[in-house]
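Read the single chain below, which is given as structure tokens and is the form predicted on its own.
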């Protein structure tokens, strides 16, 4: 979650936000900003590999430039288990296009794909510099209400 920019925005919109990061300094900055803004965040010191996503726990999982690899074959099942029915995953990340679109959609086959954008380098002009160098994937997925 880094310094919490997206977490703080979601909290300001009424979401109950839980985030994790491997940096104690980033978590401290996020918690400080939340406190100054009168917002509540739940934060955990963890890595992707160690964070307990739980089972049917989340309505929304946001993965923005956080080095979670949408090509990781273990990730779809892990996040599917963690989401409640109709839950949403939002990815925006640089990726190396090791999978084609059909391969990636097959990997995430237990989700409905609401958005899929594979953008050329430089197409996403935000404050994260590598988007100038690497392709950017925007992927929005929804867990079906029934299996």
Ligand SMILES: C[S@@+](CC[C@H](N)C(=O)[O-])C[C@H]1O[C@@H](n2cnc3c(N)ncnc32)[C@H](O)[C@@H]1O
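Only a predicted model underlies this, so the values are computations on that prediction, with no experimental measurement involved. Positions refer to the first chain, counted from 1.
There is also a form predicted in complex with this ligand; it is not shown, and the following applies to it.
### Query
Which one of 81, 47, 106, 40 is close to this ligand in the predicted bound form, taking close to mean a heavy atom within 4.5 Å?
Looking at 81, 47, 106, 40 one by one, just 47 meets the 4.5 Å heavy-atom criterion.
### Query
Quick one: in the predicted bound form, does every one of 1, 23 and 67 get a heavy atom within 4.5 Å of this ligand?
Judged in the predicted bound form, 1, 23 and 67 all sit within 4.5 Å of this ligand.
### Task
Indicate whether residue 142 is a 4.5 Å heavy atom neighbour of this ligand in the predicted bound form.
Taking the distances in the predicted bound form, the answer for residue 142 is no, it never comes within 4.5 Å of this ligand.
### Query
Based on heavy atom distances of at most 4.5 Å to this ligand in the predicted bound form, which listed stretch, 32-40, 58-66, 107-115, 82-90, is the contact stretch?
Looking at the other structure, the answer is 58-66.
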